Ligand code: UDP
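The chain that follows stands alone, in the form predicted on its own, written as structure tokens.
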Amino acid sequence: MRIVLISTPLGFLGSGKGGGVELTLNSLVSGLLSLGHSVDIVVPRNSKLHKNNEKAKLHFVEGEDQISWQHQNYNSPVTIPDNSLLACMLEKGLDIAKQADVMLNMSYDWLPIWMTLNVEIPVAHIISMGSESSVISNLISKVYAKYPYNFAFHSKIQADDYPFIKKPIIIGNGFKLDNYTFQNSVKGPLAWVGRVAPEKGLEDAVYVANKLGEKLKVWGVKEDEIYASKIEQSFPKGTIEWMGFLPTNELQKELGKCRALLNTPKWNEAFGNVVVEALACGVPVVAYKRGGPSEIIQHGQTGYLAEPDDKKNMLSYVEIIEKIERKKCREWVEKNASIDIFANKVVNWLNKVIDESK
């Protein structure tokens, strides 16, 4: 199969701005290449793939980034900037796709979904978020009525955000497990990983660390500097240890030394990549029972699920985190979230998309 993949139009690959989509893309490309498929990827200029994905061909595009739908109101209209990066990526992708079997879109935006109805090449979409936009959800509904196989989701709970989808295609996610080293660090510090932005709920994790009289190690891009500063000023000096954004190899070395990852999103995460990354290192996770993490974490086996937004409930679970056997965390990932498992699910789905388009 020859696949043309459209990357996220939020920053270049390797910048961290694309959040979990960057990791998902690299994992998927690695899996597709190992299965013998050809992959062309349309990406913003300066993008870099992981070293093991060198056989994939990159096509660089310049333009203005889209505004993330996470930072817009649900009823906001579609905005396409002048010299739109996304429009240029799609134009390039469609040109390459003349020689391809399918175009795979990883951008959560209106334009590529609309194009599904208006081009001959089959366009498949990995939806990376829950319903964050009325206009996009309405368009997915319209396209789904004609092409019910062209959308895939990371988790059942994410797909439930789109009630018109009766039989959602769930592909989960996958990780190159060689990149994650198991560590049995039962006495290590507390960790938090993610974009530092209001919807990620960092302040709840800082609350837990402060109550325990500990520091919280925070890894990720400070997407909202004002928000980050406000949290820092709300707690005793030194409670947060800002670790910055690290590539996977460096992050997993440090994350594996932690005794628990706190996961505190205020919205429905589609999957929860950092949750699986922590588990792959043997780090149990305490997360709010919402979104993808509530399907990933086995309560009492690989971590604990606290009631949404209940910081005290989260604290109570952190206090008993040593009850979790770290080996079970790694074992769950090996059985459920390897690159091979993920890539095979995607290939089976794409074959269905191609067959239905004939």
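Note that this is a predicted model, so its numbers are computed, not measured. Quick note: we count residues from 1 along the sequence shown, nothing fancier.
Keep in mind that the form predicted together with uridine-5'-diphosphate (UDP) is missing from the display, and what follows is about it.
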Practice task
Using a 4.5 Å heavy atom cut-off, indicate which stretch of 115 to 123, 137 to 145, 195 to 203, 81 to 89 touches uridine-5'-diphosphate (UDP) in the predicted complex.
Solution key: 195 to 203
Practice task
Examine residue 251 and determine whether its closest non-hydrogen atom to uridine-5'-diphosphate (UDP) in the predicted complex is within 4.5 angstroms.
Solution key: yes
Practice task
Decide whether residue 188 counts as a contact residue for uridine-5'-diphosphate (UDP) in the predicted complex under a heavy atom distance cut-off of 4.5 Å.
Solution key: no
Exercise for the section: Using the partner position in the predicted complex, report whether residue 274 sits within 4.5 Å of uridine-5'-diphosphate (UDP), counting heavy atoms only. Expected result: yes
Practice task
Using the partner position in the predicted complex, report whether residue 110 sits within 4.5 Å of uridine-5'-diphosphate (UDP), counting heavy atoms only.
Solution key: no
Completion exercise
Of 172, 220, 256, 168, the only residue with a heavy atom within 4.5 Å of uridine-5'-diphosphate (UDP) in the predicted complex is 220
Exercise for the section: Just give me the single entry in 74, 242, 227, 245 that has a non-hydrogen atom within 4.5 angstroms of uridine-5'-diphosphate (UDP) in the predicted complex. Expected result: 245
